[in-house]
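Below, in structure tokens: the form predicted on its own, a single chain.
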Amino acid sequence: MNIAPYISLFQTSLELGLISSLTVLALFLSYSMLNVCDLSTDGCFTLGAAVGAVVALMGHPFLSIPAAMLAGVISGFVTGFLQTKMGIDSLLSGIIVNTGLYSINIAVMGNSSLLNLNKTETIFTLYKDAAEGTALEGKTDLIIILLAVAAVIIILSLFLSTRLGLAIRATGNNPDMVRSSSINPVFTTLTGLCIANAFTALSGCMLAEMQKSVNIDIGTGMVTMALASLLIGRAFMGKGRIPVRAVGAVLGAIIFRIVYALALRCDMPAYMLKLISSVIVIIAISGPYLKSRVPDIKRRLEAGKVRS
């Protein structure tokens, strides 16, 4: 049995899972810590990919990363501003920004729905060329992504331990208490969403540069995938300390991508992939509830046997 295709499949799933885990970590901050379900994720992911690709096409592969993250910060600020200053519900704010970003992303990409980076230097191609003929040949993409994910986990864990980070966590738990403690919940909400969207845009930028292409639909379904991955990670790692939960979020993203890849290997029709994503989300969300109901179901079954 030839296992080479499966090894390649696992490495690809690992790379894609790690890249998408940056978006999962973004939702870990906005959804788990700040208690805001940011539905602008899909558009912000595409925005990061588009901005990063355009800057790379200009000949600045390293500058593409901070440029994409800055674009994400702006997107997060607009979402937070609509929510905190305009009185718009958080879910509706995300939907509005996500809708508007579609047009903005087309404009950023030069009125095109597709950008090709095949002849463009990216952070991945630069290190890939440098690693030729060494033990790291063929592994540079994975190493770069691992370093990025590790850096985000460390930054996020340290940030959430600071006074501002604790204020953000408190805002998510009890905004009324935060307001009575002379902490401005508007500022903490804006800050949390800006940082979260910066991570989302970073994820999009890295995926675009690794795949060497960007299309307008590159971010479609990312919020669904990220929420499912977040819940899968929570099921595996529980509700421990922040670094443990962050690692769980990354693990959830990898598991999601592996399951997704296995579905592709089963010659599943392309139009069924969205259904597979939905099923994974249903299992991830309902799994803990169904597990908690198992003892009650057993008791009812045993009671039924006794009566009969």
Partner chain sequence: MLMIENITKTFNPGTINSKVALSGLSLTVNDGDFITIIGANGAGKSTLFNAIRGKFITDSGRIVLDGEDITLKPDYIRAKNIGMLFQDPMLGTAPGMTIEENLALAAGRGGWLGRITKADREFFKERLSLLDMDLENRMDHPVGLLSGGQRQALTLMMATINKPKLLLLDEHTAALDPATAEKVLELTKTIVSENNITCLMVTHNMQSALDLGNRTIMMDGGNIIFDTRGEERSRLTVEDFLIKFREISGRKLDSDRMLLSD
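Positions refer to the first chain, counted from 1. Owing to the predicted nature of the structure, the values given are computational and were not obtained by experimental measurement.
The form predicted in complex with its partner chain exists for this protein as well; it is not shown, and the discussion that follows is about that form.
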{"item": "In the predicted complex, residue 119 touching its partner chain (heavy atom, 4.5 Å)", "value": "no"}
{"item": "is_contact(residue 115, its partner chain) in the predicted complex, heavy atom dist at most 4.5 Å", "value": "no"}
{"item": "Touches its partner chain in the predicted complex: residue 169 (any heavy atom, 4.5 Å)", "value": "yes"}
{"item": "Proximity of residue 179 to its partner chain in the predicted complex, heavy atoms at 4.5 Å", "value": "yes"}
{"item": "Proximity to its partner chain in the predicted complex, single hit among 183, 88, 108, 235 (heavy atom within 4.5 Å)", "value": "183"}
{"item": "Contact residue in the predicted complex, from 224, 213, 99, 173 (heavy atom within 4.5 Å of its partner chain)", "value": "173"}
{"item": "Segment assignment from 100-108, 227-235, 183-191, 142-150: heavy atom within 4.5 Å of its partner chain in the predicted complex", "value": "183-191"}
{"item": "Heavy atom within 4.5 Å of its partner chain in the predicted complex - qualifying residues of 74-103", "value": "none"}
